[in-house]
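Okay, so we've got a single protein chain in two different forms coming up as structure tokens, structure 1 first and structure 2 after it.
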Structure 1
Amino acid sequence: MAEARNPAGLAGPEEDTIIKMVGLKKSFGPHTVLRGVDLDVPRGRVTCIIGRSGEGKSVLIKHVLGLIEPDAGDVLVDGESMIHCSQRERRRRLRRFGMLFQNGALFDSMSAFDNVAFPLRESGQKMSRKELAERVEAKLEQVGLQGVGAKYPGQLSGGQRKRVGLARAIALDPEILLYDEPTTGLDPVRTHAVDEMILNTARDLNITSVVITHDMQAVHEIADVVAMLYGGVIHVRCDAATLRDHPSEVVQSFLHGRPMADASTGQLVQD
């Protein structure tokens, strides 16, 4: 008998799916992280992936980028596998993605200009110095950072570093942007600014966005779709308004910061 899959992560009939995760399973030694993740990510929308620390959210994103090979399952982007393909083909498919890491993950020894220019230079695109400078300045302007190109990361605020990281992530005009805890360590004012940045980028550039976050305020502000990872599967997939009143005790415990039952043992654990 075929193993039953959790249907919570599947798209509705009217959604245009760009990323499709199918039955993803991954273990590291005796520790099972993903037990069969099915998740459809709609094109041109903001999808937030939530869940406790250690549930495997970052592992899931690495599967999307083809950086980790699953024990079973696949990730399809417009029907093309990110897992079962050659390294050369994966590199081609990765050009559709941009990634904003925690704290921006900038090169401290490079100016903001050179950080944004880095993927352009590495891509092998042929452009003059003038064309490169114009592209970099345009990307900095898109994230509201005109005139900071000569500054180094240590001279920038936390919010500015995030924005430089975003400018670098969109330098190659990706179709899909992945964000790993983009508001971690920021105060409420800067958090709101980053949320606005995510929304504006998604809207102005028509980019599909996938955001890993613990910030439920951000989820309610930016998410079109929310997917909760629990016990190695997608426990719930819905919109943010539905999530707030969802009948699942697991969801409500997470939203209100209460201890949750471990999916494998049933024992209460604190995140």
Structure 2
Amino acid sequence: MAEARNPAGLAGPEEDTIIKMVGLKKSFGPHTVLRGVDLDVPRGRVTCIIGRSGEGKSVLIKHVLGLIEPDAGDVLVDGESMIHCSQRERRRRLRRFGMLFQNGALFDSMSAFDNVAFPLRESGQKMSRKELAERVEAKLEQVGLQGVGAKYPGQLSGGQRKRVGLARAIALDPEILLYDEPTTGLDPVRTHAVDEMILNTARDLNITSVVITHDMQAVHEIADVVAMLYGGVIHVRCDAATLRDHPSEVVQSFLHGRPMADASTGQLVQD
């Protein structure tokens, strides 16, 4: 919150990298998910990560927060490792982040209001009850959920839960927002609204967003950078327009919904 956002590097053609993933490898038992992911996330932009279901997108984004420890590799946020640091340092660095989990990860012992209020209360900022209530309501309104504050996660629909998770993620206006499938399970109107919101926060507040999504339309509308995870590595990283006409067989298969070659051997289909 307190850190000043630095728009300085944005003007030039050179990217200002905020998150740098370096050679991330991760296996669960015999099952290798990440085989060496290198990815630079530009500051103040929207980066979309696409890829087939089960390809390891959620696992990757959890590495960024240090929630999963990689077998090899590192994640640097402004040059500071999220992996090789003490828990206390990591928690300090995490204050710059907001995260929407794929399944919401709402605290089911708390009402929607308390879920959204949680990061505000825990941040240690002094604010009156009234101020807190106003901020929570504002965030709920931003995701189209005014008035559901009193309900518990168990009483909400899947899409509503996701949006409460979204409101919680943005509650502290963090500098970096990670969204794991923010619009899956939402109706078209709401999907559009959430995409707009992601875009606006990125544009107006210069917030860095990383969005995992299966919605290719949204990718074209919001992404500055698209990265495709395939076979445990970043297969393609480019802007949205380039992706559409990308010569890679794998990309074209993915975009057109055709089955594609299995990359489980680690052998990549090269363009």
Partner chain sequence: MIGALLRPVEALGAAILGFLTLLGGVTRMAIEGWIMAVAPPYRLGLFFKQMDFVGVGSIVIISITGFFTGAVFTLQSNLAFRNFGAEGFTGATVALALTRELSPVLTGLMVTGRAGSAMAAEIGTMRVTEQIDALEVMAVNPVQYLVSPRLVASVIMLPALTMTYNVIGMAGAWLVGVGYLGIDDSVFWTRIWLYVDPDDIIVGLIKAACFGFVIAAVSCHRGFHAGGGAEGVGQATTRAVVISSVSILISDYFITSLLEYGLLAGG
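Here, rigid core means the biggest group of C-alpha atoms that superpose within 1.5 Å across both forms. Reference numbering: structure 1, starting with residue 1. Just so you know, these numbers come straight off a predicted model, no measurement behind them.
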Which of these two chains, shown alone, is the form predicted alone? 1
Cα of Met197 displaced 2 Å or more between structure 1 and structure 2, core superposed? no
Just checking, between structure 1 and structure 2 and with the core aligned, does Pro119 shift 2 Å or more at the CA? no
Is Asp71 one of the residues whose C-alpha moves 2 Å or more between structure 1 and structure 2 after the core fit? no
If the core is used for the superposition, what shift in Å does the C-alpha of Tyr152 show between structure 1 and structure 2? 6.4
